[in-house]
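Okay, so here's just one chain, in structure tokens, the form predicted on its own.
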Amino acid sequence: MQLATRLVSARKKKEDRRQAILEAAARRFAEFGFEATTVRQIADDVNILSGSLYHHFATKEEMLGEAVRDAVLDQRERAQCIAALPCDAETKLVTLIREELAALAGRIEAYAIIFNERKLFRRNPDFLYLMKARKETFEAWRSVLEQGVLEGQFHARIDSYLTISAIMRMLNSGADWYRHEDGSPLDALAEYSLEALTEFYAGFVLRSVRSAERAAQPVPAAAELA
């Protein structure tokens, strides 16, 4: 019994140390970039020897992948789920914006890495699954825009690539602004909730994609996800 308890305790300690290393690596990748971050710096941040870090991760690239994997895969699942909802395109688009903004604000470091290291992810075959997930996320967003055009809610001249890219960059900037880079909301932003920011960004986006006769329509409420 004592042996089993010791084994569980040792396993938990190893898992906690691994998580601490991953969090330290993510902070550095987000702030300084992957190439500029050294294994020694990450090890120093968690007070271990550089060699000990390799008991938990085989390479720095493995740390990079784990730092962003869940965020990318969750982003894809979220977008595909919303695109499949039985509602109109405007409601889907507002829901996509709300959920994306909340995710960005909650995982600011992971999404900063995803954006800043996008060229590395594209050229490294070990990250092809991440690029595939990102592409599938884009396709889910595009299907919502195409639905809106077919339904007459959105104008027919939408450039899907530029529109989605602009929305994503805007939401990234908005989440970064909301979280003030260090993870703490600015005191000056206390009056701004994520709901208020969602309504602002949703209205901004809808004014740019709506058909002319619908430009003044109110912003619909986002759908509730199960």
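Each residue number is its position in the shown sequence, starting from 1. Worth saying up front: this structure is predicted, and the values here are computed from it rather than measured.
The same protein also has a form predicted in complex with the DNA, omitted here; what follows describes it.
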property: Exercise: Y54 in contact with the DNA in the predicted complex, heavy atom 4.5 Å; result: yes
property: Contact test in the predicted complex: R169 vs the DNA, heavy atoms, 4.5 Å; result: no
property: Touches the DNA in the predicted complex: R210 (any heavy atom, 4.5 Å); result: no
property: Proximity of L49 to the DNA in the predicted complex, heavy atoms at 4.5 Å; result: yes
property: Answer option from S173, S165, S193, T59, heavy atom within 4.5 Å of the DNA in the predicted complex; result: T59
property: Segment that reaches the DNA in the predicted complex - one of 193-201, 33-41, 65-73, 153-161, heavy atoms within 4.5 Å; result: 33-41
